[in-house]
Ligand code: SAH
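First, one chain by itself in structure tokens, the form predicted on its own.
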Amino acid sequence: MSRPVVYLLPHEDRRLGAGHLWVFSNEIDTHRSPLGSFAPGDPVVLADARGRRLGMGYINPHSLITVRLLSRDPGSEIDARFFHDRFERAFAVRRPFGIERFGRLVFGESDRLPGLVVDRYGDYLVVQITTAGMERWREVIRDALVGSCAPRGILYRNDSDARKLEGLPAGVEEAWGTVPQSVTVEEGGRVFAVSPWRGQKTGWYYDQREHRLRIAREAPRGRVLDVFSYVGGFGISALAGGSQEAVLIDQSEEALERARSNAAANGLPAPRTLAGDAFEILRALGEDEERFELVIVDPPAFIKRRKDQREGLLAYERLVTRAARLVASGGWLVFASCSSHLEARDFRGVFARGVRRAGREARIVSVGGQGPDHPIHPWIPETSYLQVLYGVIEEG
């Protein structure tokens, strides 16, 4: 198959040679490869300035990340066999961890399938396609997943903001079989009902699995406060581990209702739920002088783009301050960030400043990240996005 060639400027092949998968618009020789001659999602061959073929991928001339590499073989056929092979390699990485029935099966660039995410909920798959290139192969991807996983249903959850940046329409649709409104996740001997159709992301945050399991094993007992709780993953895990009482905060009453149902399904006490703005609820709890042996804060990404850096850092710091005031002396504050543009040094900085503004002292006793079903590509730092700090909080 003859594909158009995208030529790079001199010396702009170095990152690709080192293992990266992205080509930015300012790295392309637009005289030899006029971007206006390509349509979003077109398969292309990449070549360096001397004409040496580097591999094949797909292009979106309207995106800052203009080309994403799929294969180092310029002649690769992108068909069901190609996807089946990539899926099998991705599954093999996860198999030793025993998470192939409930977990992220495909994590974009880390599995050399940029623009594609696949989460498994037992017999059901939820797929996110975020790039114009992957959109070209949506039916091929569906057929390869059917052959590889034999699911009862596949849901395309294509409603993320990333699709807007690629000029793609948003929508949620069944691609294969039937996917129910509610599915059950099994984790650590506990069950959680989530909605693949309406829930956040694909329905569940598999990237936090290791931390929920750790909370159940190790966290101090007593009262637990779960901020941005969604359907109660952290709070319910703490209750299962022996915490006496759980208070859950989330903006969504629907999510909190599921959290109460999930607690009941696990034979645990009903949590107290507070619906509304987390910052304001934390302030009110502080004014009431409430204290918790464990406070878990897992907010949405406050720094989605680099230009969000200043405001995002201030928001994280303010959140740490309000949360730290609620931790009983000697208790834990577990604080997370899923902002890929937040450096570890800056994250520790906002944690330290926030604790000091609260008039408290802290020691970070552990740090963590995403689980093994979200592997990190060594040359793409954006794939390492989750940071979790475990701090012991004491009086100032």
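Start at 1 and count along the sequence shown; that's the residue number. Everything numeric here is computed off the predicted structure, so don't read it as measured data.
Beyond what is shown, the protein has a form predicted together with the named molecule; the following relates to that form.
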Of Asp250, Asp111, Glu166, Glu135, the one that lies within 4.5 Å of the named molecule in the model of the complex (heavy atoms):
Asp250
Contact residue in the model of the complex, from Arg157, Arg212, Arg325, Arg258 (heavy atom within 4.5 Å of the named molecule)
Arg212
When the contact criterion is heavy atoms within 4.5 Å, does Phe87 count as touching the named molecule in the model of the complex?
no
Interface membership of Tyr230, the named molecule in the model of the complex, 4.5 Å heavy atom rule:
yes
Is Glu293 close enough to the named molecule in the model of the complex to count, meaning some heavy atom within 4.5 Å?
no
Would you please decide whether Trp197 lies within 4.5 angstroms of the named molecule in the model of the complex, comparing each non-hydrogen atom pair?
no
When the named molecule is placed as it is in the model of the complex, which of 75-83, 142-150, 123-131, 296-304 ends up with heavy atoms within 4.5 Å of it?
296-304
Taking only heavy atoms into account, state which residues of 190-216 are within 4.5 Å of the named molecule in the model of the complex, ordered by sequence.
Gln200, Trp204, Tyr205, Gln208, Arg212
